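Next up: just one chain, as structure tokens, the form predicted on its own.
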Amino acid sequence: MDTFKDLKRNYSIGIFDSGIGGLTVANAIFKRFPNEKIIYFGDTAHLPYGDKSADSIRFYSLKISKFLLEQNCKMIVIACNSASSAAYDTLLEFFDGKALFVNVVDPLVHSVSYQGFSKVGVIATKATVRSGIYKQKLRTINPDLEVVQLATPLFAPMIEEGFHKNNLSKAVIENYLSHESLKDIDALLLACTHYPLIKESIDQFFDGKIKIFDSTDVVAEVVEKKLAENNLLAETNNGSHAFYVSEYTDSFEATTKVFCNRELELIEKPIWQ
């Protein structure tokens, strides 16, 4: 039985996040798939998800996924670690056979699990750390691996508001990364799709001595694999991308270029009303 028989090659790829940080994942997908049409939804009315309960995140994720499916999306990429941790299994069950789903946790876990590290650090939102999903998945693959997690809740709003390249951000980064738990790590996982924007600053803090991983390119690889396996890669250009937010502000639109390296027009879509 062809589970996804009703999906078409010319359908879109839906991507959602709590805000505009997921545009880092969208940008990697743009580069890899020039023919694919992207429909992005940033839930700016509720950001950050990192401080929300798991039940709230699941509710938001179900509503957004329903909206994306109504736009004829063949795949939905959960470009948010908090939502991937709290809602991925729920979305698979609720929308069984309606679309392919990709989360940002599993690709990142697999990218580091077999590289021989002894101590890996994970920095993320409170919700992702609270879920324990990275520690559980990493240690399932490698029981001998020491995994330490650190909630860094100021990073996402700092980046969303465009404060990630000034003295304030440097002080916040240094304060978090100086935490005792991160001492002697071999590698660091940036377990939030906002964090690639401060990857260079994080690398500078560690003097380039540890390996730093983010989910952008590894998620794009999984997207390609899943679409190819289901014969759903677009063969011709599918048209213009669309970028929706649940609440519009000029600052959000101004910041999109930082995340995506291109000018984007945000469309306000208050799906909660």
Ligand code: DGL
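Numbering starts at 1 and follows the sequence shown. These figures come from a predicted structure and were not determined experimentally.
Missing here is the form predicted together with this ligand; even so, the following discussion is about that form.
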So which stretch, 217 to 225, 63 to 71, 29 to 37, 45 to 53, is the one near this ligand in the predicted complex (non-hydrogen atoms, 4.5 Å)? 45 to 53
Although this ligand is absent from this view, report whether residue 122 comes within 4.5 Å of it in the predicted complex, heavy atoms only. no
Consider residue 156 of the chain shown here, and say whether it contacts this ligand in the predicted complex, taking contact as heavy atoms within 4.5 Å. yes
Report whether the minimum heavy atom distance between residue 77 and this ligand in the predicted complex is within 4.5 Å. no
Does any residue in 53 to 92 get within 4.5 Å of this ligand in the predicted complex, counting heavy atoms only, and if so which ones? 80, 81, 82
